[in-house]
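Next up is one chain by itself, shown in structure tokens, the form predicted alone.
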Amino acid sequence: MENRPALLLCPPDFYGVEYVINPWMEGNVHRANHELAIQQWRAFADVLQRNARVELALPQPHLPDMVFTANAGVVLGGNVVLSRFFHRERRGEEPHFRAWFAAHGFEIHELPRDLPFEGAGDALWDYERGVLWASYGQRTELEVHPLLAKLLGVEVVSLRLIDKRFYHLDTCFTPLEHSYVLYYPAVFDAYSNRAIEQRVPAEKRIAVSEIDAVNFACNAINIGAKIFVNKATEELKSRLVSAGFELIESPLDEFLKSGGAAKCLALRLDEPVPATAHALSTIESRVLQIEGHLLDSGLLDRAHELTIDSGGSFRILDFTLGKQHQSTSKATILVAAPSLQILEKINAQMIDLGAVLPDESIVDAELQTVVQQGVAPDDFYVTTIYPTEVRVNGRWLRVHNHRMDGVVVIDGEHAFCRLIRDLSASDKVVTGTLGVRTLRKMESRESRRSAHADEFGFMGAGVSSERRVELVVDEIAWELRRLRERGGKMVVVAGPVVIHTGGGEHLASLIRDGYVQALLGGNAIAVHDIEQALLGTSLGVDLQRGAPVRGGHRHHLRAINTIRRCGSIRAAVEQGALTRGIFYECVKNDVPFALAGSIRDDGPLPDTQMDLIKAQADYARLLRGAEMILMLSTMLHSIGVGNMTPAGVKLVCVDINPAVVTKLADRGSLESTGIVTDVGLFLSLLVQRLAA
């Protein structure tokens, strides 16, 4: 009998739902039936005592969750790593459990106070595999895992919990005898599910259903062939019996009101550790610094969110608050991830936000040589919209010809951005994220408050509502006047909806008055502009009457045919065949344009570039030097141009479809905005404001 496992329990003398620290407690405060809870606990303890040696901790007043002893710490081979509770409501339990372990001869290990860890609720020993399954993402910090590996001398496998209902690992995962694992896959992220599948063969994985999961069937105690649970479906019982187990149900629904069941109520005290065990953890971490108006711009929040969303953990090591009106704040942060691959992914996103390594940690960028033309080395650094510098031979080099989704090539003392397809064999390419930094313009507080600030203040990487259209148009008109006065460059990206909504004459006016320096679009914008100029229709509809005309469905083809007969749009203007419209004004005012074709194009026009690679090159050439881009109801061309455009260029996307403007606004640039409105109305208002 002395070989029976030892378990620590705590009588529920003071148990109740007194606060809310998990979703199960919501709506259950002061609703637990204390007498029934005591009955259920005693029945459960009696069952356990017939199969294990039960030790008792002394319950304490005002600590209703002390009954959940699994959270006291994790015990392996006579060592205990005590918990550091995430919620202050449970921190009062810590000294009582520490005293109990000290009185019973355990070697006690304590973690730093600022590192949350909730014991065997988040760290489960798998003797058969010799690994400690440990979770993070809810109550326990990822940084704890390498400390557990070191203190306990075992391998730690990190699993991320993504469902708040299953806030501890033991609520959704249990290692069983004979190398089985009982778990609910839906609560883990993809990386964690792969980690489980790599270590547990399919025939040993027992995945439970939603109904078993919410009844805490995975919150089980396994002693030999017996599994003790709150309850389980007949299907799960059958599967466990087939695997050689006996399922013993003990109703614990009063404890479910607090988010706990069988495993939560007991802590294994004598988990053996094989002599072959060794400390191992794949956790990688990196210290970064980020500076700016971190709080009021939300930059620190974005850094935290992207780290967590990518599967890492985030901790602020130091924070210096800017005390003056224009002072910036500076934070030193520690980012940790379950693998180097995930850390590099997070680090790349942090670089996008302007984060850098501390001065003492800065190293040169890693370079690899291209061995196959048009193919980059694995793990090549991908550029963003922000200006970028790379460190080579101890010097920071500015990346020239910068654009989004490019590759950084180093040529001697120079760095260039190239597309993958343009790489040549022997090019030296930057890989990884070390030695790379982005340069983000520091947005001033004043520019965020003033609609008339010199930094185009209304732009806020957001979507303007109808109520703001007139205000936004005023701002754009103001900026366009400034651009024209100083000889700046504004590029328009337009779709055929400009013509369909009656905006063609207004865009033509902008070109004629010198506000547009380049025009980008597809075959359709030119076809319907020319159709309107030659035949007075767009898609066969008379725009004056708003009604289709007889035979109008052929008008766009007649327009194409006329231009093809002349040889080009410019030739049609020179020959007098085309006498008005957007493209007439482009030719007459020497405004260059580029038309990118697609598989759906009729004709196409002779000017339409049907070679996609050449069309992209034409777009990139005309975008060079642009200070402002006006995107008018053309989703694909707008998104393409957005990807070609570095930060610092002011983008205005106008579309009646909110999804389109949101897509462009989400690129993260402070100089971009989306306006949800009719593009014809927008252009009409813009021309009126400019005329005024």
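Since the structure is predicted, the reported quantities are computational estimates derived from the model, not experimental observations. Don't overthink the numbering: it's just position in the shown sequence, from 1.
Note that the form predicted together with a small molecule isn't included here; everything after this is about it.
None of the heavy atoms of His145 is located within 4.5 Å of the small molecule in the predicted bound form. Interface membership of Gly137, defined by any non-hydrogen atom within 4.5 Å of the small molecule in the predicted bound form, is ruled out. Although the partner is absent from this view, Gly259 contacts the small molecule in the predicted bound form, with a non-hydrogen atom inside 4.5 angstroms. Using a 4.5 Å cutoff between non-hydrogen atoms, Tyr167 counts as a contact of the small molecule in the predicted bound form. Of the residues given (Leu9, Ile675, Ile21, Leu681), Ile21 alone sits with a heavy atom within 4.5 Å of the small molecule in the predicted bound form. Among the residues Asn71, Ser313, Asn347, Thr388, the one placing a heavy atom within 4.5 Å of the small molecule in the predicted bound form is Asn71. With the partner omitted here, the stretch from 170-178, 470-478, 230-238, 517-525 that lies within 4.5 Å of the small molecule by heavy atoms in the predicted bound form is 170-178. The candidate spot formed by Val407, Arg418 and Pro646 lies out of contact with the small molecule in the predicted bound form, as no residue has a heavy atom within 4.5 Å of it.
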